[in-house]
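One chain follows as structure tokens, the form predicted on its own.
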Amino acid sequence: MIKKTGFYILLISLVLYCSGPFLWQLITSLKPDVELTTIPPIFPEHPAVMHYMSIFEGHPFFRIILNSAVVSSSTTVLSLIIGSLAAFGLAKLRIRYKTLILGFVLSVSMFPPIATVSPLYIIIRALGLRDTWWALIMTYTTFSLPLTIWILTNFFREIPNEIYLAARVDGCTTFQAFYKIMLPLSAPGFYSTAILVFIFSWNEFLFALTFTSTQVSRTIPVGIAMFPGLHEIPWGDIAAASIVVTIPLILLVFLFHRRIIEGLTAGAVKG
């Protein structure tokens, strides 16, 4: 009984610790301006939605949400298309040095973003893509591919080779066996990979700050960072905006949390 009680106390403490920043932002977003910098009270005495109205009336909030939605969705689609083809080849086709190739792919994700931002900026500017959606889509796709290839390679490996060989014997070409047989069987891997790539693209800040300069292509993290004015910081608006853009991600994670765990642990246990 004592162990069970201790377990639940530890579990509740952990949940509160992890959700603390989100709850604090939620409380801040509901406080009127006069209560923002005063403690106590911790909770608002007169909850108000003025900050939620302000972010849509005083800022191009719809535009930056649209930019993030287009960039994140396009990155996810491109990563899945390119990554699934590469993962299928590494998992099922006769290719030499597969382990070495996978190690090289993984090494791409180990570069600290700050070390790559300068050369990438020169390339983006030379291509004339600065302050466009494509600058972010191309960059995010590059950094999402290692994760995509690794997760999908594990999923393709879990599918018995006999299924792939049977498709070839029945007359399918390699590509037909890929999209008619292997893709439907690896659907859980696609769900989990898509969610992880989408969340990464939705939250990325450094490249978005460097490669965008106007609201035409500015995404949510940079858009919120631009809220402060010359003489004031609108903490209430920033908190409200953070809550609004976080809710879709929380819903996605709750809806597909089993798929995410399957994707992260695929191949970890051999039956």
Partner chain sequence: MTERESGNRYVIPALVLLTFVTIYPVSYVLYLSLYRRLLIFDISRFIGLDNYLFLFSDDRFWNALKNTVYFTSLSVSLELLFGLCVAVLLNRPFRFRGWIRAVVLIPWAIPTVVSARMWEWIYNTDFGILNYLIGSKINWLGSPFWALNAAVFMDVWKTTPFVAILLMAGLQVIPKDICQAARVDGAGGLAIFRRITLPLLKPVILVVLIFRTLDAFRVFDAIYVLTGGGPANTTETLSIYAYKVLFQTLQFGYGSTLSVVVFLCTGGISIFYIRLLSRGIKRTLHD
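This structure is a prediction, so every number in the text was calculated from the model and none was measured. Positions refer to the first chain, counted from 1.
What follows is about the form predicted together with the partner chain, which we do not show.
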query: Candidate stretches 152 to 160, 180 to 188, 132 to 140, 67 to 75 - the one whose heavy atoms come within 4.5 Å of the partner chain in the predicted complex; finding: 132 to 140
query: Interface membership of I82, the partner chain in the predicted complex, 4.5 Å heavy atom rule; finding: yes
query: Distance check, V169 to the partner chain in the predicted complex, heavy atom within 4.5 Å; finding: no
query: The partner chain contact at L36 in the predicted complex, heavy atom, 4.5 Å; finding: yes
query: Contact test in the predicted complex: L145 vs the partner chain, heavy atoms, 4.5 Å; finding: yes
query: In the predicted complex: members of 174 to 206 within 4.5 Å of the partner chain, any heavy atom; finding: T174, F175, L196, I199, W202, N203, F205, L206
